[in-house]
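In structure tokens, the next block holds one chain alone, the form predicted alone.
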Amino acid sequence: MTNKPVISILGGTGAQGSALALRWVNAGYSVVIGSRNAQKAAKACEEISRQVEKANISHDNYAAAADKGEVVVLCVPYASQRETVESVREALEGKILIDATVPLVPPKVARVQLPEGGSAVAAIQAMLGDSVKVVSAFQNVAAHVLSELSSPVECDVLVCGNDVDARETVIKLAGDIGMRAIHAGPIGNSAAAEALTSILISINSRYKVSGAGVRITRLDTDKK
């Protein structure tokens, strides 16, 4: 893998996917937006190109985008998570899959509703097996915060995965777009990050704020 791998974002026309694409393109990465809707994908690419000079951004369908990416990011709704992964399974072999899925069940999205087994992302790792390194990340960062290139992202990213080197790769990818990312243990721990999103939605509503996030304290003093 090169110093700056090609990143494919499945669901890259959505709010979070397009915001991550914008950040990575702005940091000099080549990004492929994967979408079922070519018109929407082209529009997303045009919008990013307007904001980033000489943006290295393109789009394709899910299967082709997953094939092109050295790292693949999943930013689709929970209801589409498994179906989307199944459709690109062969293209994921030997790669890192960053899964940002949150198991939100409308209309009660401010209530934690984890799936049977505890974690939506851990279920994908179990489905794919060891040939794909699934890493859970970016569940607790609001899309509109990511999309504001001139503003710092004042929250931490919890990174869970069974492969430590894969977690390190994701931590670097997050750092390159202005976020502090933290090792948060094996893939099963993703359940905590997934649940936190509903809690943050509830906090946003109660305190009339937008984009509340999570900070891990005392890392410098506690580091050994």
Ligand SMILES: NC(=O)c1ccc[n+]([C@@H]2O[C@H](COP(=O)([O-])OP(=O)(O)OC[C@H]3O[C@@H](n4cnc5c(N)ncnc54)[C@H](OP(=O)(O)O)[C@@H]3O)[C@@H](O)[C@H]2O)c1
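Note that residue numbering follows the sequence shown and begins at 1. Computed from a prediction, not measured in an experiment: that's the story for all the values here.
From this point on, the text means the form predicted in complex with the named molecule, which you will not see here.
> Looking at 29-37, 160-168, 47-55, 173-181, which lies within 4.5 angstroms of the named molecule in the model of the complex, counting heavy atoms?
Among the candidates, contact is made by 29-37.
> So, in the model of the complex, is Val102 in contact with the named molecule at a 4.5 angstroms heavy atom limit?
Yes, contact at 4.5 Å.
> Can Gln139 be called a contact residue for the named molecule in the model of the complex at 4.5 Å between heavy atoms?
Gln139 belongs to the contact set for the named molecule.
> Though only this chain appears here, would Gln113 touch the named molecule in the model of the complex if you measure heavy atom gaps against 4.5 Å?
Heavy-atom contact with the named molecule at 4.5 Å: absent for Gln113.
> Answer yes if any heavy atom of Pro77 is within 4.5 Å of a heavy atom of the named molecule in the model of the complex; otherwise answer no.
Pro77 belongs to the contact set for the named molecule.
> For a quick check, can you give me the residues of 3-19 that have a heavy atom within 4.5 Å of the named molecule in the model of the complex?
Read in sequence order, the residues that approach the named molecule (within 4.5 Å, in the model of the complex) are Gly11, Thr13, Gly14, Ala15, Gln16, Gly17.
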